[in-house]
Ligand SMILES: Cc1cc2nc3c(=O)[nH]c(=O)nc-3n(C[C@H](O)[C@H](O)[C@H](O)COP(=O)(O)OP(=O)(O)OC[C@H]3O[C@@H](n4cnc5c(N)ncnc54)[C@H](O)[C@@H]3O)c2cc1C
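As a starting point, one isolated chain is supplied in structure tokens, in the form predicted on its own.
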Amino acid sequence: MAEKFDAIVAGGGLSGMGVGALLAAAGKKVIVLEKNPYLGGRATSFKYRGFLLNVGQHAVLQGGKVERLMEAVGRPLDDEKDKGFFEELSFYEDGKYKTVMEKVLVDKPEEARKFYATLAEIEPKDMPKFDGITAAEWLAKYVTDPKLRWLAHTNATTCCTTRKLEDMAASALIESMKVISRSPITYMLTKGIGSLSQTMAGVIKGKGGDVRTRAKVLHVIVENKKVRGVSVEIGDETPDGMMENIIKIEAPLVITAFPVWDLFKVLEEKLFLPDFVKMCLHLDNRVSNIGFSVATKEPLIAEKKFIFADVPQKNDVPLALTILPTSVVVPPISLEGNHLTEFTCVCEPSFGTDPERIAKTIAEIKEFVNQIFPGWEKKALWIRPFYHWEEPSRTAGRMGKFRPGPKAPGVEGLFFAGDTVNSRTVPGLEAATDSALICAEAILGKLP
């Protein structure tokens, strides 16, 4: 006999856990199904040699969407002992640190004033008209000062839009500038970014629901254009390709919280109009994170600085490097007596098909870091390189109005969540949580 719930969430990333917890807080019996053995998706944490590492560089914006989500599910992030705040934004250049204000002491202050006034005048209702043009095209209308252009470009790249202004959607650049203007204070979580999903799992279970890992949704069951439930593989696939256990779970609501380009792996394309299918598949373009984590006995950086730098690239735009003195900001994340520092750049997805390019780029980043911290590799207890898909690319034609909304067209009871749909917000944490809020509001009419 099939299990029955009020709502099924397919995908246990931050957006899936968020919408699941929001529905649970509103009194619905919810089950979240995650194919991996862990929750959180790209916003997760794991233990490595006694250290707690986050997947990707994550900082929470004070007053942002993450805080709004946690308040809505009844678990506000108000305990200061669980936070570590960055105290300064710095930029490394020509052998010394500068504050970001020193770096962008613009040559044309009147131009800067007009530019920020233009940004302030752009309202949410105006944003769709910037989704289809490039950031380079829009910025050229207002900015000639190279320092101001650098600030806009670096800000947007760090928010994981895409590396080049010529590719980036103007709306992504505008939104990134607005987000930082609204919420310049950032902090890290002492329990790791994965603690957000663990907390929301507790909310769902506490309301009579369930959260299952190693549970892969194989098919969303639709009859007469209405959702009926899902079929799920429980456990791991065996070497001979046989499924261990396939079960059916029934619910009148299904929320898919995985990348929208994977939608047609669990649903038939013929349920939707061709333009909708084309839109979803067109969004399969991503940006990546490349870099490394480093453990040392002494901190490489003693201050709570969020540091930017530009790693030169031959015949190409620089890689925007961010440096986080993680264990200085949140000491419990590190093994006692040791320190953790993280170095990350945003890059194009083509890196993922070229192992030699990945290795070469990491070597280039290490060589550049040696300019900032001479001899740092000799001080390292270990160095852990990483490269992984990070976010859907926010290129012109793939942002905002070019993404699906929270409700599936033509299929009753089917909704979407995640940073590949319905949110224009940046960076990734904000996008995922905003999407969860948007989706839950579309279902409930109002939030708890």
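All figures in this text were calculated on a predicted structure; none of them were measured in a lab. When you see a residue number, it is the position in the sequence shown, counting from 1.
The form predicted together with this ligand is left out here; the points below concern that form.
Per the 4.5 Å heavy atom criterion, this ligand in the predicted complex is contacted by stretch 210 to 218, the sole one of 294 to 302, 116 to 124, 362 to 370, 210 to 218.
Of the candidates Thr154, Asn289, Asn338, Gln198, Asn289 is the one whose heavy atoms come within 4.5 Å of this ligand in the predicted complex; the others do not. At least one heavy atom of Gly56 is located within 4.5 Å of this ligand in the predicted complex. Residue contact check for His388: one or more of its heavy atoms lie within 4.5 Å of this ligand in the predicted complex. Ala440 falls outside the set of residues with a heavy atom inside 4.5 Å of this ligand in the predicted complex. The closest non-hydrogen atom of Ala257 lies within 4.5 Å of this ligand in the predicted complex.
Interface residues of 422 to 448, taken as those with a heavy atom within 4.5 Å of this ligand in the predicted complex (partner not displayed): Pro427, Gly428, Leu429, Ala432, in sequence order.
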